[in-house]
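We give structure tokens for two forms of one protein chain below, kept apart as structure 1 and structure 2.
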Structure 1
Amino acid sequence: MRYLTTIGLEVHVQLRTRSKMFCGCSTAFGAAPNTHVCPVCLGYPGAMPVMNRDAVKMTIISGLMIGSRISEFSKFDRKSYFYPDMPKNYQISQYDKPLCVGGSVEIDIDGVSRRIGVTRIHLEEDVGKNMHFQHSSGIDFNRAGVPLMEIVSEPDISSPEEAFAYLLALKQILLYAGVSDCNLEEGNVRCDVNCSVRPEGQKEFGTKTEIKNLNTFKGVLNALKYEIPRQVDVLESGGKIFQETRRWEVETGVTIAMRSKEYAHDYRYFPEPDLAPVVTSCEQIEELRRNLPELPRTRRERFIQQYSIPEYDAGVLTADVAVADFFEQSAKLSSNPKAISNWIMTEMLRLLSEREMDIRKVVVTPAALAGLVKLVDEKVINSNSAKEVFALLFEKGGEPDQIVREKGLVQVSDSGAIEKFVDQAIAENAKSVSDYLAGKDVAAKYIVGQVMKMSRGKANPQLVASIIEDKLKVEKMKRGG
């Protein structure tokens, strides 16, 4: 029998605010344990939360990016459960009045695009981190109270690959929105996965299981690739799926049911009495909408139109918002956007990936890249020299024309000078000359290479090629004639 899979994702995204959700403590990653804490985020007696307006704004921006309806009236609620990493033993979250309702994320699977519905986006605070030592346990509360946005999808996802594509698309949008660093190594994005299977033809969904706290997209993919066949196997062998929470074990590659004690909660939600409702006016929402960053897809289309670059280029350049920004800033300073695109897609991305670097940290400026392209287009330097200049720009930054001047890379287009080199090359490479005369056209290329070497790469290659061709033709006529 064939089975249909239904997947829904709850994605928790850390917002890039400077301070925590309800206090002034820093959200910076990697500090010594319990150094970014205060009475509020430690749940001390008498401490009270104060809402971080930036976090609310970022959540609304995220909602607008995916077409959510923004709630003019929203509120916070207390979600109660006991856990050592939770200072107050309740989490301030949003229950029935989330900031954003509805929306969707577009994904491409095998060239076909479809929309995955988003149910809601709400705002909540993160918990601390339990640490276990040989004879004791400790809790680091630095992360406690860090703002998290929870994005809940509709059960619209039908395969592990779609789930993976959804996560990538979502991450791309959030990076475009500038609301999160989406740094998976730092735990900025964590997912809970709901999944069920049902025999083809059956209308109602099967019983779902929830896999909690996956902190990589690959983890989501692999957990689903394990969990779906597991459920099918259970059903095929006449078994029953229990609604339960499971944990993904990376080492063994299986999902394991958690003890009910670990997850069965009656959260006893009720409105947070320490915080006023979040009221956002139509004007404020419209103001944010007007200044909304472009969606990745919109930008890709615009790049094709505005800069006349191929669809493939536009796709590569817009994958990462920082790369897209770099391209756009450079292209705006240049009359040859395609050349800019080529430099970024080949040299720049290659060097970045070789060094595992982020484009936000490069020293080469968009103006420098545009300047380099101009030097090539105006034939001041040839493409060999340009690569050398680019390498220097990438290492140390600076101005391309200054580098060209200092390194003496200005292209030699003086035919007298080139002719001297060519004569020498022909004289020194009799074998290649006779090969050429015997009909091997490639032999000319070798001689071009020799000339470029003699000029230390500075000779204008087109000029070199045409002079060689002329000279060899003369030679041919001499011998043949």
Structure 2
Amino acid sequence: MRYLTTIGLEVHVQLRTRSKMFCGCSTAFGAAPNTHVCPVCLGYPGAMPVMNRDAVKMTIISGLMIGSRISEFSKFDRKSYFYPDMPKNYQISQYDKPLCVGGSVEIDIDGVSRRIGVTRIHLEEDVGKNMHFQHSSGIDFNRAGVPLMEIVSEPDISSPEEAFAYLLALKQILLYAGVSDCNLEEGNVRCDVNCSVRPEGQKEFGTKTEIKNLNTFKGVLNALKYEIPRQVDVLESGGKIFQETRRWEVETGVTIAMRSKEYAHDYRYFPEPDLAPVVTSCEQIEELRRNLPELPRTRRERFIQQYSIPEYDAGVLTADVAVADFFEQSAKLSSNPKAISNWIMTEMLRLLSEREMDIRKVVVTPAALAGLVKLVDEKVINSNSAKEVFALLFEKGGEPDQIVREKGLVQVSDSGAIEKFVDQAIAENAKSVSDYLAGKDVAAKYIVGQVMKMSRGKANPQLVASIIEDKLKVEKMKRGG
């Protein structure tokens, strides 16, 4: 029997604010445990919350980026539960009046585009972090109270690969919007997965399980690759799927049952009495809409049209908003955007990867890269010298033309000077000449290499190859070839 899979994702995203959701404590990552806390985020009796306006604004921007309807009236609610990491024994969240309703995220699977619906985006406060040691456990409340968006998808996802693509596309949109760092290593993004299977032809969804607190996209992919066959095996063997919460065990590659799934009534939601409702006017919403950044997909398509670069290049460049910004700044200063793209996708990204750096921290400027491309296009330097210049720009910054002058890298394009090198190379490499005359064309490349070595890499390689070919043809005619 064939089974259909239904997946819904609840993505929790920490917002890029300087202070917490309801107090002035810092949201900075990496501080000593329990140093960014106060009576409000520790839930002391009588401490009153004060709403973070920037967090509300960022949530609305996120909704606008995916086409949500923004609620002109929304409110906060108390969600009651008793976990050690929730100091108040309730979480301030949103239940029936969220800030954003509807919307969608477009994904590409095997060259086919489709939209995954979004049910809602609501705003809440994060909880603390449980820390387990060999003989004890502790709780760090630095994270408690950090503004947290919950983005709830429709059950439109039908495979682990689609879930992975959705998460990547959503992360890219949020980075372009500038609302979150989306740093998975710092816990900026975490995901709960709802998954069910049903026999093909059955209209009703199967019983779902929830896999909690997955903190990597690969973890979501792998957890689903295990959980879907597990559910199918249970049904095939005549068993029953129970609605429960499970956890993903990375080490063993399996999901483990934790507890029965909670329902909304278990949380005893009621309106937060210490916070006024959030009222957003049409004028405020339209002002935010007018200032929205370009969507990643829109920018990718524009790069193809405006800069005449291949679809592959545009996809690589726009995958990271900072890389896309660097490319565009440089391309606007150059008459050869494709060469700019090539340098970024090869040398720049390679060096960034080796040093585990962000492009926003490089000392080479977009103007310097454009200047380097111009030197190559005008044949002032050759490609080998250009790589040497780029390496220096990456390490120390500076101006490419100044580096070329200081290092004496100006390309030799004088045919008379190059011809002397060629004559010497031919005279010193009789075997390569004989191989070429015997039909081994690759031997000419060896002679080109010898000339480049003699000229210390300064000779114009195209001119070198042309002169060698002409001289070898003459030699072949002399020998009656």
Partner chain sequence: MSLSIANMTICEAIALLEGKQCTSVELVSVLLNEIRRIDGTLGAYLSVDENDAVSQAMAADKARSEGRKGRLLGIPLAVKDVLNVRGQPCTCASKILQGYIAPYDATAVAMLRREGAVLVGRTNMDEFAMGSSTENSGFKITKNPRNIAYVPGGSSGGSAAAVAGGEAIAALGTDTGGSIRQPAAFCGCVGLKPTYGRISRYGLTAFASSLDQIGPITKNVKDAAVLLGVMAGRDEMDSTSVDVPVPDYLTSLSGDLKGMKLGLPKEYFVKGMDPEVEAAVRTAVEVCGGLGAEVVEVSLPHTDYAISTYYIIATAEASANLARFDGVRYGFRAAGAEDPIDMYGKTRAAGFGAEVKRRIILGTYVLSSGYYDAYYLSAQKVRTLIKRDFENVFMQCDALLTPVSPTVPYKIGETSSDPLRMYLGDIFTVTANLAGICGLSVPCGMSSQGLPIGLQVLGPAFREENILRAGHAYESARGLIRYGE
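Nothing here was measured: the structure is a model prediction, and the numbers come from that model. Here, a residue number simply tells you its place in the sequence of structure 1, counted from 1. Basically, rigid core = biggest C-alpha set you can superpose within 1.5 Å across the two forms.
Looking at the condition given, the form predicted on its own, one finds it describes the source of structure 2 alone. If you fit the rigid core between structure 1 and structure 2, you'll see the Cα of S26 move by less than 2 angstroms.
After superposition on the rigid core, the Cα atom of M48 is displaced by less than 2 Å between structure 1 and structure 2. In the core-superposed comparison between structure 1 and structure 2, the C-alpha atom of I468 has shifted by at least 2 angstroms. Fit the two forms on the rigid core and the C-alpha of E378 turns out 2.7 Å off between structure 1 and structure 2. On the core-superposed pair, the CA position of A427 changes by 4.2 Å between structure 1 and structure 2.
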